[in-house]
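Listed next as structure tokens is one chain, alone, in the form predicted on its own.
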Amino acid sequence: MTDATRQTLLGSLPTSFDTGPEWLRALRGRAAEALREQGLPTKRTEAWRFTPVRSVVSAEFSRDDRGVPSLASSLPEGVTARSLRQVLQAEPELLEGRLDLGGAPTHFAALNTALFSDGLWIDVPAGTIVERPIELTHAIPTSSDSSVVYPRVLITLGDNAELTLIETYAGTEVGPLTNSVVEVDLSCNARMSHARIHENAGLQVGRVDVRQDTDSTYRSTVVTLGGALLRFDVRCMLQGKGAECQLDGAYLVEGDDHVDHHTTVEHQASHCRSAQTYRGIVSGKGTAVFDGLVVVHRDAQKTEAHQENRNLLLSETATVHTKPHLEIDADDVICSHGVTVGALDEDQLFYLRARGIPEDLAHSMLTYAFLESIVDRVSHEPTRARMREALLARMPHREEIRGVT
């Protein structure tokens, strides 16, 4: 790459958008205008105050358009996977109202909206039950320069459709930046299980927006295995009566890694249920952030919503910032939230030691079990086994643990 191709993230915004359908040009223009007015996050931005991104915002990157995810599995009959670029050229009306379904984007999501060049649209027609998971791999291109990619994925499920989606974000380079957006649109009684695995050692900012209609179900399991800087947001909008969502996460933070998970669940209709369970292990000089928000709107009576965030600190230099919170504007609700930050349970350690298990092995066994409980919620057995192996690979005494689990 030449110096001429390298720019800051905001510096790469064009002054106008003159390609694509009118509604897309307007969408990109609004995103760019918001970015110019608000900028990217600073230490004064409340939702980003524990995750400083000044070094990313001020750095120069070269644009890399190879960020389109690849399908790692075949598609069943009736299910389609199409290039966003090709659909926007041939049948743009099919995507109008489906990009930025979560409303006006901000910060990095707005940057993706303004600058993505292609992406993937997976559509599951009404009544289609996809028996085998669809797997997507986001392999970050290797580059000698700092580069930025803008992956974008749209998932649509018709009435009574069912899908399991597995996403993997992998990369060994620290320099590249991944700025991804995934949008999920669930029609009436649609059901989706979404497993997302972060194995990217570099810089990653990701967002998932989910729009749910009546009686739909969305289940998410996120496994984050470190990262020099990772920020992941997921937002579920329960817009139809009886919709449900379950958000589970496990994160392992070591060295100088910084991992930040933000969740937002908006109960906009009555008789909806949500639950969030995130667990993290932080060691070395690592930093973990969890910020979970549940919003219950005035018309969302008979809401049930629960949040839980539990953390283990394995060193004196590790840091955790956690903030589960509720905003409730309805009176007929059942809501709860809780958080713990601490060390391994001394009673459990004593129990294992009393049975002849060495102290360091007992530590590793309890640490692994703490996160395995989240991984076990993945319904697809091969994916569940893969996640377990990824966790074990980062544990001392992995062979001994494997022998007793």
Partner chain sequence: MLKIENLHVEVDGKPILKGIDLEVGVGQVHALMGPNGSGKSTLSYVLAGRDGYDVTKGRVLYKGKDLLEMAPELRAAEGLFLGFQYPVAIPGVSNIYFLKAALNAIRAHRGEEPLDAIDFMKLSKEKAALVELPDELTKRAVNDGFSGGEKKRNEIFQMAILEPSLAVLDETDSGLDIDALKVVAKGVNAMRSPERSMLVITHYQRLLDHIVPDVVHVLIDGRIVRSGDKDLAKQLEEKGYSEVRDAPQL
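Positions refer to the first chain, counted from 1. What you are looking at is a predicted structure, and each value in this text was computed from that prediction instead of being measured.
There is another form of this protein, the form predicted in complex with the partner chain, and it is not shown here; the text below is about that form.
- When you look in the model of the complex, the only residue of Arg353, Arg63, His380, Arg49 with a non-hydrogen atom within 4.5 Å of the partner chain is Arg353.
- Out of the listed residues Met365, Val53, Val375, Val68, Met365 is the one that sits within 4.5 Å of the partner chain in the model of the complex by at least one heavy atom.
- Stretch 357 to 365 is the contacting one of 334 to 342, 31 to 39, 55 to 63, 357 to 365, since its residues have non-hydrogen atoms within 4.5 Å of the partner chain in the model of the complex.
- Among heavy atoms of Ala26, none comes within 4.5 Å of the partner chain in the model of the complex.
- Using a 4.5 angstroms threshold between heavy atoms, Gln348 counts as touching the partner chain in the model of the complex.
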